[in-house]
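For reference, the chain that follows is the form predicted on its own, supplied as structure tokens.
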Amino acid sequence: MLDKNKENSYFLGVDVGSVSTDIALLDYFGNLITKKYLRTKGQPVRVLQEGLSSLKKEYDEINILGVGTTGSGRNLAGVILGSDVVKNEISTHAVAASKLVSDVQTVIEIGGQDSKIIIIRDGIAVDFAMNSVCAAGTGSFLDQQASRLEIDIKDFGGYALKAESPVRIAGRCSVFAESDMIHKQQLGYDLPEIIAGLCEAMVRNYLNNVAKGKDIRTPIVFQGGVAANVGIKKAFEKELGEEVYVPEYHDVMGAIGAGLLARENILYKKNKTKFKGFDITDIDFKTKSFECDACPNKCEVVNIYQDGQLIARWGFKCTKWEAV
């Protein structure tokens, strides 16, 4: 039987991205208790505060032992929350995948704006790659196409499974893919064939531009918001000739990984959390940016204010703006 402290003690993982803000609440042993998948809508601070406020209402007595943040907004979230660890997405996704599939060798991650591949050997991430110039195959592009075809994004992949003979769509980048999709529609192809063709085009694009040259071995874990699309999963399995595993909580794996790394930081390194508490939901945070013209670097410096007081700053490449 757990002692009282462990029963009410949790770790918080937060993944702030351009499309979604994910929150994972883990128990003392690192198991997921609940999750929140929220649309960032260009307002990461407000959405993060709303997510925490909702969590606080659900759990009257909750003792947060540690907090980890990740995602493109990890530094911002880290300052606001008082995060114990701030980690990049490669680390958090690798940690989360290893927790669920202990012998995972390859992680495919496709989110709203970017795509990644992580190569894991003996539980350690040894190689990775992210999409560079062309972002075709990301969740935002699929969202746009589902909207254009007037299909709920939740049903998008299901259409692909109905296809008997997917049409070949040029998927070199999102511009070509959309243009070719419209052309195929004008030629009279059925919707399932077109959607299945688009899924296959996205997978070819990923394998040619993101996973290019990587040693893809099984078990393969597919995570990120796009992993909910059964059409993309089937297209990966068809292209790779291997089974692709999609975790139940594939949409918040970054947040889970951040929570697990915070747990490791607190329990094994005997650190005390810097978490500011749930009262931050009532604090007025503001961000302001400016371009420094002191040198040719032209750094875009971002200032974070809490109740009007400057608490953090980043974006600079020299020591001029280090002092806060």
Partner chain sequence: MKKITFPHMGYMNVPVKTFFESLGYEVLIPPKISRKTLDLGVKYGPEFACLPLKINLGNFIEAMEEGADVLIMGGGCGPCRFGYYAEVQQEILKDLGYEFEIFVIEPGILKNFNKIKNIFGNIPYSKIIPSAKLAWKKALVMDDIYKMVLENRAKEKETDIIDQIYNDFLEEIDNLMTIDAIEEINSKYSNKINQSIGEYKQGIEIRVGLVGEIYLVLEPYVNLDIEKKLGQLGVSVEKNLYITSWLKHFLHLSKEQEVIEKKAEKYLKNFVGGHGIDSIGNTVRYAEKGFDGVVQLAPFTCMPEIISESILPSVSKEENIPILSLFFDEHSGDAGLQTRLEAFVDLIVRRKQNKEGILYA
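For clarity, every value in this text was computed on a predicted model and none was experimentally measured. Numbering follows the first chain given and starts at 1.
Keep in mind that the form predicted together with its partner chain is not shown, yet the notes after this line are about it.
- Taking non-hydrogen atoms only, Asn131 approaches its partner chain to within 4.5 angstroms in the predicted complex.
- Under a 4.5 angstroms non-hydrogen atom cutoff, its partner chain in the predicted complex has Gly213 among its neighbouring residues.
- Residue contact with its partner chain in the predicted complex: Thr218 places no heavy atom within 4.5 Å of it.
- Contact annotation: Gln185 falls outside 4.5 Å of its partner chain in the predicted complex, judged by heavy atom distances.
- Three-residue candidate spot Val95, Ala125 and Lys269; every residue lies within 4.5 angstroms of its partner chain in the predicted complex by at least one non-hydrogen atom.
- Just one listed stretch, out of 138 to 146, 232 to 240, 85 to 93, 246 to 254, contacts its partner chain in the predicted complex at the 4.5 Å heavy atom level, and that stretch is 85 to 93.
- Between the options Ser53, Asn31, Gln43, Asn297, the residue in contact with its partner chain in the predicted complex by a heavy atom within 4.5 angstroms is Asn297.
- Contact annotation for 103 to 118: no residue has a non-hydrogen atom within 4.5 angstroms of its partner chain in the predicted complex.
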